[in-house]
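One chain follows as structure tokens, the form predicted alone.
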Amino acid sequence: MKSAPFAYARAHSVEEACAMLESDEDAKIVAGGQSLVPMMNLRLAYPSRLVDVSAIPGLSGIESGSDGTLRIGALVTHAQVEHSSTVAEVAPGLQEAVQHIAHPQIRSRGTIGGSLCHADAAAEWPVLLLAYGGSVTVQDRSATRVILADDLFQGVFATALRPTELLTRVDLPAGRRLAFREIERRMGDYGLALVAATCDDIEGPLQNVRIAVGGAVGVTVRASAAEAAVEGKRGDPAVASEAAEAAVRELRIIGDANGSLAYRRHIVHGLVEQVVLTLGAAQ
């Protein structure tokens, strides 16, 4: 199928892109186009205009801040994260998690900002951002603000960004240990269930644990009861099992044609166990 007719404009600054969004409420941002274009071709999205932000300078860098925070520009591709020496140093484990995203061709075009704004609960970046407890910086023509990961995802394909705002940067805190697991029908497919967990990268009991779940839920969410079951404890099999049971009781897991409710509950249980054990094994 082909998309409905649309206009196209290329923005050369954040302010110009935001002005275009203000002038046309049906306009949509496009960068890599790996999510939006297929939706347009399937007639699931009907933007009147595509505002191409791929030429905006300053949004394609990866750097470590003075406090160790990993700062990733919104136009950075998944492949850039996958091969970045800065990411390898500041956020060990993130590169391995990113390799679960689709296929190399898509990772070379798709952007982090686009994935987070698309807010698909079956995608990897929403789960990773929420598990890290990171944040995004967004901007319109007159102001810049920061949205915490806990506040970003508000519904199915819905975020806290306003219609005239552009996501410009993603921040991930330093000193976090990551564990990530995903189950998909075929390599490169969206996940039937995804679980990411982080904790302080220190010896001893697990501290400041965050566990995020996607794929088996309508909106990417934290498993707070599972976090509480792990906090201050060592990630041994008994604790991992307790956390998995808590997650399955707490979360609103859904089934569909790709996986029944019983199956999705089963794999979420297993994935939560695995990430907790992985965090514990790294002590």
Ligand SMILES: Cc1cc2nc3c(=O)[nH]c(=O)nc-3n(C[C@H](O)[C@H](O)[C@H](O)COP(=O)(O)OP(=O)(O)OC[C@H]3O[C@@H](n4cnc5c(N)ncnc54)[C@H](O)[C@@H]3O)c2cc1C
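These figures come from a predicted structure and were not determined experimentally. So that there is no doubt, residue numbering starts at 1 and follows the sequence shown.
Separately, the form predicted together with this ligand exists; it is not shown, and the next lines address it.
Novice: Would G134 count as touching this ligand in the model of the complex under a 4.5 Å heavy atom rule?
Specialist: Answer no; every heavy atom of G134 is more than 4.5 Å from this ligand in the model of the complex.
Novice: Within a 4.5 Å heavy atom cut-off, is R177 in contact with this ligand in the model of the complex?
Specialist: Heavy-atom contact with this ligand at 4.5 Å: absent for R177.
Novice: Within 4.5 Å, heavy atoms only: does T220 come near this ligand in the model of the complex?
Specialist: No, T220 sits far enough from this ligand in the model of the complex that none of its heavy atoms falls within 4.5 Å.
Novice: Answer for A74 alone: is it within 4.5 Å of this ligand in the model of the complex, judged on heavy atom distances?
Specialist: Yes - in the model of the complex, heavy atoms of A74 and this ligand come within 4.5 Å of each other.
Novice: Could you tell me which one of L94, L172, A123, V90 places a heavy atom within 4.5 Å of this ligand in the model of the complex?
Specialist: After the contact test, the surviving option is A123.
Novice: Between A193, V209, L130, C117, only one gets a heavy atom within 4.5 angstroms of this ligand in the model of the complex; which residue is that?
Specialist: Comparing distances to this ligand in the model of the complex, the residue within 4.5 Å is C117.
Novice: Just one of 234-242, 63-71, 252-260, 32-40 has heavy atoms within 4.5 Å of this ligand in the model of the complex; which?
Specialist: Selected stretch: 32-40.
Novice: Determine the residues of 143-158 with a heavy atom within 4.5 Å of this ligand in the model of the complex and present them in sequence order; the list may be empty.
Specialist: Nothing in this stretch is in contact.
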